[in-house]
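Only one chain is given next, in structure tokens, and it is the form predicted alone.
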């Protein structure tokens, strides 16, 4: 059966074809499509198995580990920063080893395009001492997924499958194999020396892990392409780019490419033998110098260690062309007449309830508060000047706690407003809120609840009454969770009720002035990119600007920042882009001259 699959979809097919029947994940671009594809395969082919969105990556890893210890082949899926969250179980599982197949799928984001770091997860494979396979194309992603399961089963240890944005999201015709249901027989064989190992047995398990890595290292899996006398060492998407350049510019007799499917572990002696055969060697790999650092003698190597290859940013095909030009194998002139589209910063969607919430927050606190933000759509509160910090998942709450305690040391008090989304609150926001309650910290926490994980493709949250397969699930109430921690000041309001939001914010402001506890506000409005969100849109008959009243002050554009509000340079008036406006009417609150009006 031939299908036109993305890299992420191909990984799902490869894993399931190889017998994986338990997949847990947390959504994060560029990895988010693997789990939904697995769910579709399960439904289409009527196979058994369990595929879930977990509350966070650490929980996903631990749940998959337990299923693996029961003998099931499993996979966990996350983006690169998600692996940071899962590091504790990840490191420990590497030591303890696996029973059936265990694949850690990590999607890196060099660039970065949608991440707070451009870290290279292959380093964390080397750090944990587990093998890492790196596909160059969607077809290889499919094949390497199956290969990872087999390798994991053979050596009883987790195997990382590292993909990058371009491999995850590009598409290719792929002939997939048969997917058949298998009878699962989970069984947990107790072995406390392994599964509850004391430090002495940890030492023995570490020794065993080292032996496994040495055994895998003896089968390096190097592949050679082309016939030139200048050596290029590469892996992943960079290999695909190099092949395109060789074919386009006819470099078949100028370069020789050594492709490395498994960047760790590498047989360093074997790799050095290749290097020693050539006078000039260039290492091109996406991310950090993982392969390069495993070359014993780098004196003839051009790479990151001597600044030949950039140490940051994505190695696009144009960047690689420039490297080959500097390496002396390609005559290439950069296009100096590049056409660049006008810069347009990302912004919240027209009709997004988060915009109304941020607008109300700024209206009440103006420049009086420190605004701690979080990871997700609400990062774009930056545009409304209602976000001062964005660090990592859940850090809006812990930063609010830290700022409050820092100022309190000096006997000072600052208004602090933290904003976090519903999915992120479940992921990492609850723990620091417990800390804040226990240690009497004063700040306002605004939970922006749009009933979905919007930025990564509208995956469900624990508050939804359905799961990844849209089966019935037990919805977890955010307000009940907050109350269970002892929070006394809690208000819940529709984010479209801007005047009501202001009232709640003012009351919360007064509360933290006299209480040593956080005040929590839940501003709720479903994402406009969901069926429910659109159904609740008031959709006025018309939203328009009264030109007689519009002064051209741009306050609505600058403070409300809806992309449907445009400034006409000819008339010096604001207009509304009817091709993007959803007629929610929220912008009427942003005009101090009542120039924006709705027709019911």
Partner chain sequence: MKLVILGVGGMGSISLSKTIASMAINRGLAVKSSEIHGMAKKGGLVEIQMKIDEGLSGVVLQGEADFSFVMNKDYTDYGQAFLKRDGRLIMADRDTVEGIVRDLGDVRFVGSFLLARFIGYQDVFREDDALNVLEKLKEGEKNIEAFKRGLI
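These figures come from a predicted structure and were not determined experimentally. Residue numbers count along the first chain shown, from 1.
In what follows, reference is made to the form predicted together with its partner chain, a form of this protein that is not presented.
At the 4.5 Å threshold, heavy atoms of residue 87 stay clear of its partner chain in the predicted bound form, well away from it. Heavy atoms of residue 455 reach within 4.5 Å of its partner chain in the predicted bound form, making it an interface residue. With a 4.5 Å cutoff on heavy atoms, residue 111 does not count as touching its partner chain in the predicted bound form; it lies far away. Though the partner is left out of this view, residue 137 does reach within 4.5 Å of its partner chain in the predicted bound form, counting heavy atoms only. Across the options 398-406, 439-447, 526-534, 362-370, residues that bring heavy atoms within 4.5 Å of its partner chain in the predicted bound form belong to 526-534. Shown here without its partner, the chain carries 42, 184 and 470, none of which come within 4.5 Å of its partner chain in the predicted bound form through any heavy atom. Interface residue among 276, 488, 435, 244 relative to its partner chain in the predicted bound form, by the heavy atom within 4.5 Å criterion: 244. Checked against its partner chain in the predicted bound form, the residues 507, 412, 513, 318 give one hit for a heavy atom within 4.5 Å, which is 318.
Interface residues of 151-181, taken as those with a heavy atom within 4.5 Å of its partner chain in the predicted bound form (partner not displayed): 166, 169, 170, 171, 172, 173, in sequence order.
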